[in-house]
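In structure tokens, the next block holds one chain alone, the form predicted alone.
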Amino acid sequence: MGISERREREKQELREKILEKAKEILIREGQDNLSIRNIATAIEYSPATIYLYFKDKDEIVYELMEMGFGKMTEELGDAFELPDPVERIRRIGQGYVTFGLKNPEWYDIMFNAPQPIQHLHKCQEEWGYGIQLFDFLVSTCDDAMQQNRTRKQDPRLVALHLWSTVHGLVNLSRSQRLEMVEQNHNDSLIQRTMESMLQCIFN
């Protein structure tokens, strides 16, 4: 390995170390305690070194969210290729819930951690994994409408309805609030709720 390749590898390793430590701080101490200085202290580098890789903590948070959405996209896998739009939606919903329950730390970073306004603007401006996933869900809802599988309406609102339901199920399950509805049948209740939602919307 040449000098330039070694340096590039070392840069990549440090960048990953910065992100991993930021993730730990974000999960353990919350976003109020996530700062360039705290990350630098944790990895035993100067704050100036962090700024060589990220312009501010917002960019770090954005990168972590993109990493989480990338992992979710990988796990959804074959669901994107299913020809039937309703079955596609069903499998995406199942994959979403499974990811959220198996990866609570990533899920909180992606959906439950309060984000600074600069980060929200960046999400709107850039075509990241999160926006791609939502837009794919919107287009799938539109496919179902074109096939007369549901009444014609704004597909973005239908997609938001679907997303809100699965997001709520993940959070209710993680906080054990579903036990108030039906004890000891968490997985079954989630699946039956999702199926009921699909039957109400699609035919």
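The term rigid core refers to the maximal set of C-alpha atoms that superpose within 1.5 Å between the two forms. In this text, residue numbers run from 1 along the sequence as written. A quick note: this is a predicted structure, and the numbers were derived from the prediction, not measured.
The same protein has a further form, the form predicted in complex with the DNA, not shown here; the description that follows concerns it.
- Within this chain, residue 34 lines the site of the DNA in the model of the complex, having a heavy atom no more than 4.5 Å away.
- Within this chain, residue 190 is remote from the site of the DNA in the model of the complex, having no heavy atom within 4.5 Å.
- Mapping the unseen interface onto this chain, residue 134 falls outside it, with no heavy atom inside 4.5 Å of the DNA in the model of the complex.
- Put simply, residue 52 is close to the DNA in the model of the complex: some heavy atom of it is within 4.5 Å.
- With the partner omitted from this view, the residue of 147, 164, 139, 46 that lies near the DNA in the model of the complex is 46 [heavy atom within 4.5 Å].
- Figure note: of the listed segments 55-63, 139-147, 173-181, 153-161, the one touching the DNA in the model of the complex, with heavy atoms no more than 4.5 Å away, is 55-63.
- Relative to the DNA in the model of the complex, residues 21, 25 and 28 are all farther than 4.5 Å at every heavy atom.
- Shown here without the DNA, the chain has 11, 14 in 10-29 lying with a heavy atom within 4.5 Å of that partner in the model of the complex.
- In the core-superposed comparison between this form and the one not shown, the C-alpha atom of residue 134 has shifted by less than 2 angstroms.
- Relative to the superposed core, residue 25 undergoes a C-alpha shift of no less than 2 Å between this form and the one not shown.
- When the rigid core is held fixed, the Cα atom of residue 192 travels less than 2 angstroms between this form and the one not shown.
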